[in-house]
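As a starting point, one isolated chain is supplied in structure tokens, in the form predicted alone.
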Amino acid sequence: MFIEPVKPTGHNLNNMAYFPEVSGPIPFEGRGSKNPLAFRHYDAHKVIGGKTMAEHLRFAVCYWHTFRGTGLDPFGAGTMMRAWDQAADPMQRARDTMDAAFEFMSKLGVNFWCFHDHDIAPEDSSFAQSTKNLQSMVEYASEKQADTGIQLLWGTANLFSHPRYQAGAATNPDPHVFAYAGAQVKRALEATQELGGLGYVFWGGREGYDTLLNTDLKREREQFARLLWMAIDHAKKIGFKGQFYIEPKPKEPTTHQYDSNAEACLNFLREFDLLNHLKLNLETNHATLAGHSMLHEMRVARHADVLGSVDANTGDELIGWDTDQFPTSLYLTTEIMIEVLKMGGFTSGGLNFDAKVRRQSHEPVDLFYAHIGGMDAFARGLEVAWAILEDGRLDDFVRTRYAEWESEFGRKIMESNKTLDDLEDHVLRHGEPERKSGRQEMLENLVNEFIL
């Protein structure tokens, strides 16, 4: 379920005034630059392995944190200064926000964006009016996309913020709530198609439970699968050819979410015969909340051929919630890009900055500093990842470590041509196995050769 992206037509910067500090596209100035509004590593046109950096990385800006985020946290009110969020009329605020969004994305020089339905259009007192609001803003977004050449990477529906979803959306004990969620998905999917979206994401924000004392876990998982199948059927009906994704997250806001990590998602997709229809949209902060590294989640998804897209962020490991910070670690970005390169690169997916500036970074220009840093970190991670793979020593070590499995004895085990009796006979004839070092420290030093 893929469609090929079109080339951007060029960014129109006329009549843009929300970010006066930036007059045009952020320039690439190289490593020696001291300009905080310039790229030091991200050169969109630089070719690595036959593709430009822009084609490898496919950066996207998320609408929710970047333009709708207020800086609110569990302990304090919002702090952000946002001129586009001032109008009394909700629809005017929505249009102003979209003006600011496309100004920002054009000046930053990205080719993609992502949204939830109620990020771009205010939810109203009735579903019918909310739908009219969404359609109006889709038409406005379509004009913006045509004017700038920026594409929609993926869309989704917010099925977690409204009080009606306090007990979940698809997994709610009330079928009326399930119906409301399904109607929202229908309209969000149609909006995504109208905007030429390359994919659609399901993030089960409250698809889980707070306590098993009041939960029919089996029924709720079946309900979740039913909604996914209904979305697949509707996509066929309307001719949507984009890629569906499911996004793992273990907890927060619920105690446990059914899409808790990559392996749980794989089990879910296989159990309900959905594996051929959905890939994974992985996020670093969700990986660490699940007790895994992002490399682990990426590797699991790649080996199962379901690695589709990435929410590019990181978390503070000293804080126990989803802090959604901008990625700056070269080790993290290198590991991610190694896996992306090994899967042959993104097709419908990309690197979406599902990240928010800190509460103290409250000025609009801070959004540029944050994205520039993340884009530079991934550009450098791409360069390092390519160099490591071209060098070959890391992969060679792994192949050598498992080489005995390619021997006649190893192959026969995996081909089901050996029994436990055969294994005992092998041990009796050959005695104690020789221990071989895993060389972890040497391999860490090898990676450092390219990073440091």
Ligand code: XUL
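As the structure is a computational prediction, the values presented were derived from the model and not from experiment. Counting begins at 1, following the sequence as shown.
Just so it is clear, the following notes concern the form predicted together with ligand XUL, a form of the same protein that is not shown.
For the chain shown alone, residue 297 is not a contact residue for ligand XUL in the predicted complex, no non-hydrogen atom being within 4.5 angstroms. Using a 4.5 angstroms limit between non-hydrogen atoms, residue 203 touches ligand XUL in the predicted complex.
The shortest heavy atom separation between residue 154 and ligand XUL in the predicted complex is within 4.5 Å. Residue 160 belongs to the set of residues with a heavy atom inside 4.5 Å of ligand XUL in the predicted complex.
Note on the partner interface in the predicted complex: the residue among 322, 210, 124, 263 having a heavy atom within 4.5 angstroms of ligand XUL is 322.
Interface residue among 335, 190, 311, 259 relative to ligand XUL in the predicted complex, by the heavy atom within 4.5 Å criterion: 311. Proximity to ligand XUL in the predicted complex holds for none of 56, 279 and 339, with the criterion being a heavy atom within 4.5 Å. Only one listed stretch (140 to 148, 375 to 383, 242 to 250, 219 to 227) carries heavy atoms within 4.5 Å of ligand XUL in the predicted complex, and that stretch is 242 to 250. Residue 116 is the only one in 116 to 133 with at least one heavy atom within 4.5 Å of ligand XUL in the predicted complex.
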